[in-house]
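Single chain ahead, written as structure tokens, the form predicted on its own.
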């Protein structure tokens, strides 16, 4: 596959912390892989396309998070896309949406159930730089976390990464969750701008290619610097 569609889901709702930039990084790096891309922005008033190859969800406040969830559930599209092999990257509020339940506005809300996990109110707000050892790449990944939820993973769920510094899911041990082509994390940044190798992995997953990274010295130097200074 040499042409893919990148679907940015409800950016007007799930775009609080600049996560929309993940789509831009994917589109930029795709060129060096010989992949043509189309970035599709979908409002919560519109139906999600069924033919996306990568679906992106970002961070949000409680009310926007619930509104986005309701729109995704209304469409019945994302489960079909995932079943068909589409890649999903969900950050913070978007990550919580994919679980069994989360809390918003002081109430428990049923999630989409794509990941066996639940998010409960934490005892504090977790804010600051974070570094994790990725479970799917032999490297550290850095980002910025800003959330008050504590995510509890099911026994058979693979974490996105082991926390090196920061709080991650709220226990200081693990961050996020991974299942097949679904990647959930609390890392903003945008995470793909800070970790370009991760963007390459998503592109390779979406096109069915063997994982390879491209030569982009400036991006690689910036990523290495962030990993060095994130304590």
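Residue numbers count along the first chain shown, from 1. What you see is a predicted model; the values in this text were computed from it and never measured.
Omitted here: the form predicted together with ligand GLN. The next part is about that form.
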Give a yes or no for residue 61: in the predicted complex, does one of its heavy atoms lie within 4.5 Å of a heavy atom belonging to ligand GLN? yes
Would you check, heavy atoms only and a 4.5 Å threshold, whether residue 194 touches ligand GLN in the predicted complex? no
In the predicted complex, is there a heavy atom of ligand GLN that lies within 4.5 Å of any heavy atom of residue 93, even though the partner is absent here? yes
Non-hydrogen atom contact residue 149 with ligand GLN in the predicted complex at 4.5 angstroms: yes
Looking at 128 to 136, 80 to 88, 109 to 117, 141 to 149, which stretch has residues with any non-hydrogen atom within 4.5 Å of ligand GLN in the predicted complex? 141 to 149
Would ligand GLN be touched by all three of 8, 55 and 207 in the predicted complex, meaning a heavy atom each within 4.5 Å? no
Within 175 to 204, the residues having any heavy atom within 4.5 Å of ligand GLN in the predicted complex are 188
